[in-house]
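Just one chain is shown here, as structure tokens, and it is the form predicted alone.
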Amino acid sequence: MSESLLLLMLPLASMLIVAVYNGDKGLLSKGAVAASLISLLASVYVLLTFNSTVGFQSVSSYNWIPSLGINLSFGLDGLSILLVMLTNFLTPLIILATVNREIKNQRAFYALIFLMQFALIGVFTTLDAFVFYVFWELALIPIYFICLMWGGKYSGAITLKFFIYTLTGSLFMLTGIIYLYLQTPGSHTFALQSFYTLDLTAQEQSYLFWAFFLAFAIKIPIWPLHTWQPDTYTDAPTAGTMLLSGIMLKMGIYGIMRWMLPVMPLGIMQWQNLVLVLCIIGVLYASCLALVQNDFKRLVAYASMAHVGLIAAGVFTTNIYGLQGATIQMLAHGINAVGLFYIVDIIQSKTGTRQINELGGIAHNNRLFSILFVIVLLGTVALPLTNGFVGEFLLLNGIFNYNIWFAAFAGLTIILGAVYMLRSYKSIMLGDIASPSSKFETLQYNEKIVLSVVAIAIIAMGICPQYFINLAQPALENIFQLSHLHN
């Protein structure tokens, strides 16, 4: 069994084991953490033995529907291994964060998380467009039920809106995939490499651009296709919000880099000005809304939207700096978003509220929490020597090389981000001890572990970003060359 297939099968096996387990609930949560750690260790092993200069490796391919040219084909390059690593790094943290929380029907909850992990790894490793679509849609199912069954009181309407948005966009993408399939010569195939070699007219690429872009833009989300995001992030259970913001939205960025840039470069050149304007509007729009939020979870939701808008803008600059920045920032944003949403969860669980104006003085009760919180905050606002700095620097450099005015407006996100994050920290953690804040208790062991690991990752990645850049560089250069955007 190849490494790529092993990484795919481990969460599927974990899901099946959890689904049939009928023993002690406490042991179930510990077993779920252990199962997720096995996937993490396997991905670390693959990462340590990975040769990024080879291109796709650990490739495995099996005929699925030969008559239609559909193959279960999987492989890893520098871009996909980083996103698989991010998925397997965050999943144990997300599961560990739920320990000591009251969760109804734990078996279904953890089984859905592992199904989500399985689908995400499938998206990041498949080399067949039809199988990519299958995993893309599969990822929607567990997150829908997680948000519906364990969400807030408005979860029914909110998750239905989320489901309709994402499913509609996916159908456009399916139409584009089928069209590309029909253009492949001879016996038609959905193979990624066959799509890369197609000679499509500018008009064809323009139509295909919108077919794929709508699906990816909704998932990211890019303004004005974002309206599902704030309510879904706010209403979803903490684990669901972590999965959505930390990993799932990266599917959209990855899809643009893997499937759009090399296949439809003329379509991207035709529409990139418009898309960059939409991305930058989204960055400023979300940042301004974050400034006026009193619900801390909703503030973090808008902050996430602002950051991913900048990532998407970097990708659509179609220069190597933008691609590098997007890759690094996907990793940084995933780590920081999980940390911030968990901080919101801890505050709410211990004080009974997440309204910023009702809190204050928590730092007086718990110094460790205040230190870990500020590290996550500084990574989010891209302080030098934290994980957010290099990614945002490269993204803004890429946007600057494309258009100086775009860079000037996009750069405002750093200023606005610092304002709303530092101001919220001051209100929640400093000053006089508010009545709800007096209830803040000592951190539990799992809370200390999750936040400490996130803080260490923020600092380690900020000090050694070159490792991740070097790992992804050959894959990014290959995407860049295939797209002919260097001419």
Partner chain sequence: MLAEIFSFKKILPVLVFFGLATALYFNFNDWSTYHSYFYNMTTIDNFSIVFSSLLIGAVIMWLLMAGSYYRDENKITDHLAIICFALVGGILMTSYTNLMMLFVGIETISISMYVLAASDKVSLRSNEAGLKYFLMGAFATGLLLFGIALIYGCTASFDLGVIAGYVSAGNLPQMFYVGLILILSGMFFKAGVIPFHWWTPDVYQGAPTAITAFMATVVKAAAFASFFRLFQMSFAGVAGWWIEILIIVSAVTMIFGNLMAVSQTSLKRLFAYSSIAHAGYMLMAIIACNDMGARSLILYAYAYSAASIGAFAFLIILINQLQTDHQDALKGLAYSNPLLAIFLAVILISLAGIPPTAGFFAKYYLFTTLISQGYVGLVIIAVLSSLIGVYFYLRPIIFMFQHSNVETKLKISQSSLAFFALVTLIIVILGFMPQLIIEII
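Quick caveat, the model's predicted, so the values are computed rather than measured. Residue numbers count along the first chain shown, from 1.
Just so it is clear, the following notes concern the form predicted in complex with the partner chain, a form of the same protein that is not shown.
Undergrad: Considering Q203, T197, T175, Q270, which brings a non-hydrogen atom within 4.5 Å of the partner chain in the predicted complex?
TA: For this set of options, the contacting one is T175.
Undergrad: Though the partner chain is not shown, can you say which of N100, T168, N294, N403 has a heavy atom within 4.5 Å of it in the predicted complex?
TA: Filtering the options by heavy-atom distance leaves T168.
Undergrad: With the partner left out here, if you bring back the partner chain in the predicted complex, are F130, Y133 and Y181 all within 4.5 Å of it by some heavy atom?
TA: Looking in the predicted complex, the three residues F130, Y133 and Y181 all sit within 4.5 Å of the partner chain (heavy atoms).
Undergrad: Classify R367 as contacting or not contacting the partner chain in the predicted complex by the rule of any non-hydrogen atom within 4.5 angstroms, answering yes or no.
TA: Because no heavy atom of R367 falls inside 4.5 Å of the partner chain in the predicted complex, the answer is no.
Undergrad: Can you work out whether I281 and the partner chain are in contact in the predicted complex, taking contact to mean some heavy atom pair no more than 4.5 Å apart?
TA: The answer is no: I281 has no heavy atom within 4.5 Å of the partner chain.
Undergrad: Even though the partner chain is not shown here, does E137 get within 4.5 Å of it in the predicted complex, heavy atoms only?
TA: E137: contacts the partner chain in the predicted complex.
Undergrad: Is S155 near the partner chain? Define near as a heavy atom within 4.5 Å, in the predicted complex.
TA: Within the cut-off, so yes.
Undergrad: Residues in which of 357 to 365, 137 to 145, 341 to 349, 312 to 320 have heavy atoms within 4.5 Å of the partner chain in the predicted complex?
TA: Flagged stretch: 137 to 145.
Undergrad: Can you name the residues of 59 to 79 that have a non-hydrogen atom within 4.5 angstroms of the partner chain in the predicted complex?
TA: Going through 59 to 79 in order - heavy atoms within 4.5 Å of the partner chain in the predicted complex - the hits are W64, I65, P66, S67, L68, I70.
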